[in-house]
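This document starts with one chain, in the form predicted on its own, laid out as structure tokens.
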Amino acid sequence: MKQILVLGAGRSSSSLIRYLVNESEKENWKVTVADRDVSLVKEKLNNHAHTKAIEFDIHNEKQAEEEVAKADIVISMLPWRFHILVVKHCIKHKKNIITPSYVSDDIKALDKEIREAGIMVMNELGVDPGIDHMSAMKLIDEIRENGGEVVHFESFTGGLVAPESDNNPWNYKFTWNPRNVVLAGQGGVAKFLEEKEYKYIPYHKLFRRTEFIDIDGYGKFEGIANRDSLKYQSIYGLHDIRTIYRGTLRRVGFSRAWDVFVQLGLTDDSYVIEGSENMTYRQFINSFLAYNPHDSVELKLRYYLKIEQDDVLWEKLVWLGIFENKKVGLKDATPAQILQKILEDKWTLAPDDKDMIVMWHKLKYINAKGEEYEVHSSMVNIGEDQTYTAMSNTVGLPVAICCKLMLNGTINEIGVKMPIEPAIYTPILKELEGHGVQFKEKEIRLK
């Protein structure tokens, strides 16, 4: 009986765990799921015969090593910063490991030791990164196999609220870590290539330079540039590309409204607001505006950012309740933490709400005859409920499928890997289609 060790049973692990449990009897697996909250694990495993729930702390080195040593394969769904600790145990005990997270520099630096141990460390196997890599490389490789050259590449992914649950003027609710949403885009400049010219968007301009995207059946979206698109030139082998741009999707109008918070400084996480626990939402907003004893907070904000009263943007701000006399209730909070609290009051999914993952690629290529074509490829996945969300499906299912394929020898590599090779992405994408993760493609002749 093959032993699978899953570290972490949080929200993104639900679909992964369900898949492994459902396949365990047929595949003759024993699935051990470890988390600090063992009651959460037991709830997800539901006393299945081929499973085991254990309380686990990654900082307990003895326990971590013992559990890794017993496994045939390890899946780390822990926060990305802890993957390196697990990888070191896997090297010592010669165990394959899968994570959905970006390859860290620390893990890259261990590639020689990983190869000497004869194991595979599979990274970037969630949705973004993960399904974006696999679906993009499928298109790129097909074009190359037919003698074509890709000259333009764009890719966008968004975690959004499903249309049937979209009932607020922002057309947005939290479908993943709220803190990451508030801090998105900070700490660097967005870099990309446009018609062979390097382009840069600093954070304070990021949400005012968006691209509009129309996805059949789902309407218009806007794309916000990700931090570094340039690194995908080498990852995807697009060394002579004219344009390469990756970004995040939101509904149209979101970015312009979010920019209000950026310009006010409300997304800053670097200092503490004095007396924050006794401050009201209204006082919090006022603290970032000039002193004027005669004008209201609303009037000062509109004048400062040149917002007309009948602007649809204003409706979004008022709806959030930022002008209400409601207590913040957070001690020694940063502006970003207070903003997150305000947003969580309004953007939390209701019990019956569903989330949605949207992914979209646009490629232009020149074929062997010198003809130019444009390809659009889109994927929309809507969650089942609050447990088996679209985010959980698209993060967890690629990991689970890869785990099965590694255990049965279909995927058999060594070293630090990402799912950008046909031997890896082809069988995973094929099985994902049976779980509703399907891409629709259309091709347009340009010249």
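Throughout, we count residues from 1 along the sequence that is shown. Because the structure is predicted, anything quoted here is derived from the model rather than measured.
Another form, the form predicted in complex with a further copy of the same chain, is not on view; read the next lines as being about it.
*Asks:* Looking at 339-347, 360-368, 183-191, 167-175, which lies within 4.5 angstroms of a further copy of the same chain in the model of the complex, counting heavy atoms?
*Replies:* Stretch with heavy atoms near the partner: 183-191.
*Asks:* Only one of Pro79, Gly329, Gly219, Pro202 has a non-hydrogen atom within 4.5 angstroms of a further copy of the same chain in the model of the complex; which is it?
*Replies:* Among Pro79, Gly329, Gly219, Pro202, a heavy atom within 4.5 Å of a further copy of the same chain in the model of the complex occurs only for Pro202.
*Asks:* Which residue among Tyr373, Phe288, Tyr236, Phe323 has a heavy atom within 4.5 angstroms of a further copy of the same chain in the model of the complex?
*Replies:* None of the others qualify; the residue that does is Phe288.
*Asks:* Every residue in Arg209, Leu230 and Leu264 with a non-hydrogen atom within 4.5 Å of a further copy of the same chain in the model of the complex?
*Replies:* Yes, the whole candidate spot contacts a further copy of the same chain.
*Asks:* Taking the shortest heavy atom distance, is Val252 within 4.5 Å of a further copy of the same chain in the model of the complex?
*Replies:* Because no heavy atom of Val252 falls inside 4.5 Å of a further copy of the same chain in the model of the complex, the answer is no.
*Asks:* Any chance Ile273 has a heavy atom within 4.5 Å of a further copy of the same chain in the model of the complex?
*Replies:* Because a heavy atom of Ile273 falls inside 4.5 Å of a further copy of the same chain in the model of the complex, the answer is yes.
*Asks:* Looking in the model of the complex, any heavy atom of Tyr198 within 4.5 Å of a further copy of the same chain?
*Replies:* Yes, Tyr198 sits close enough to a further copy of the same chain in the model of the complex that at least one of its heavy atoms falls within 4.5 Å.
*Asks:* Counting only non-hydrogen atoms and a 4.5 angstroms cut-off, does Val151 reach a further copy of the same chain in the model of the complex?
*Replies:* No, Val151 sits far enough from a further copy of the same chain in the model of the complex that none of its heavy atoms falls within 4.5 Å.
*Asks:* Since the partner is left out here, which residues of 304-342 would have a heavy atom within 4.5 Å of a further copy of the same chain in the model of the complex?
*Replies:* Result: Tyr304, Leu305.
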